[in-house]
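Take a look at this single chain in structure tokens; it is the form predicted on its own.
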Amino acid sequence: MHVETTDVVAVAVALSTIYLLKRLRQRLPPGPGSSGGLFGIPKQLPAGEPWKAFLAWSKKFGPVISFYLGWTPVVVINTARDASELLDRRGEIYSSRPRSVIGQQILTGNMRGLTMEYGDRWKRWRKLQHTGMGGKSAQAYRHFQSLEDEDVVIENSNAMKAFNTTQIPGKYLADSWPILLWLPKSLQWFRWDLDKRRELDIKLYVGCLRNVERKMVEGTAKECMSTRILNLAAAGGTEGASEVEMAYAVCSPFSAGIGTVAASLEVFLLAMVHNPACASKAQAELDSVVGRARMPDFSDEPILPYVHALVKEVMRWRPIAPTGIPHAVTQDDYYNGLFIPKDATVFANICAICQDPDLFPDAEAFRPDRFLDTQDSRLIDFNIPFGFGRRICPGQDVAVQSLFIIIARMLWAFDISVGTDEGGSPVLPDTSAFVPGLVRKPLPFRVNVAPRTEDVAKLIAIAASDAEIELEAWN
């Protein structure tokens, strides 16, 4: 039987149309839709702080909402219960990442595990992360997290700054419309600077890994994440990971961790300025347990419950990753009568979840006590700021350790109070004023930090000198 090409095309179009109409009839979560914005981006979606729009829409439409970015349906989860049910309990289909044209494909060459789609390469990356930071490996960093050294040069700050700017939903046209990649490469204006940045990043990361490899050959390398992974590779345990993959893997904890910890410490200062009673309570606990003859260390952590609770409250009160990295659904799903289609982008609105009144009554208040004497496992093992399911941050234990030791020592050493202007008048900072981004931080504000006793400066100087000697030996 002879069939015309036009007939085949017509049948294909008809079948596609029927399929699309059938899917459109499914009940997507309610939301603002995309009718009000260019290329499907709602006009109300702020470029820098989308979590605020997500929260406002959730109050109008419900805890699980949806809208479109380009052709992609976006689902946003705004409560802890819904996030746990979908991203934790149904992790087998919610563990991928949406296609990231700008940040993942172009800027990193699909090497950064944070935004990598679920698959064999991501599993290799996760295995490498576990080798360096999983379980007891995280405790190996405690000694170096205790060293009082301030002269650290963060060579990859520009790399992470470039990456962070690519993760703001709706910012880049090519993420919503990947068809732009069909243009000749010379006409893809959105990638010109990113290609140059990627070349610099590869040179930096591979150079760091090769430096450790050289020291291993010389017999001068100390054990670290790089040595563990290089030894694993030598034994054939990295499943064919390339040198560039391994370089990105070993650098990712430090690339991501330095900026996030620094932003969290700024939130800590902001919280202490507004909540001096909490600082005083923590200082009383430190003085009782540690005394004034030495600085606190990790051995004190089990007997400093209020300080530990204060660290958790810092992370909850003003999360520094407001929406986290979005997930992607790998198959159609139904939840409470709502349809969540395959390939939908799914955000956990971490800022909204951390103010969920069912889990955190009086959520706007800074109250570390909410984490004390609780039977709720979500508060005992508080990891909401680090994400959900299989894509939860692999470096969370290392990050919490850093925050604990720094915050404990700052409170032990200093009194923190409201800063003043040039005329000496107190200037209380706005607790909602942040520099937006994938990782946000408070806008610059004035704060007074004064030694609590005369011996503080002397003890810090001794610790810094010891750290400098030890770091020289390490290098």
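One rule holds for the numbers: they count along the sequence shown, beginning at 1. Computed from a predicted structure; not experimentally measured.
Although not depicted, the form predicted together with a small molecule is the subject of the following passage.
Residues placing heavy atoms within 4.5 Å of the small molecule in the predicted bound form fall in a single listed stretch, namely 393-401, out of 351-359, 393-401, 367-375, 101-109. Checking 344, 261, 290, 202 for any heavy atom within 4.5 Å of the small molecule in the predicted bound form turns up a single hit: 261. Note on contacts: among 97, 197, 191, 121, the single residue with a heavy atom within 4.5 Å of the small molecule in the predicted bound form is 97.
The small molecule is not drawn, but in the predicted bound form it has a heavy atom within 4.5 Å of residue 386. Of the heavy atoms in residue 327, some are within 4.5 Å of the small molecule in the predicted bound form. In the predicted bound form, the small molecule sits within 4.5 Å of a heavy atom of residue 126. Remark: residue 73 does not count among the residues lining the small molecule in the predicted bound form, judged by a heavy atom distance of 4.5 Å or less.
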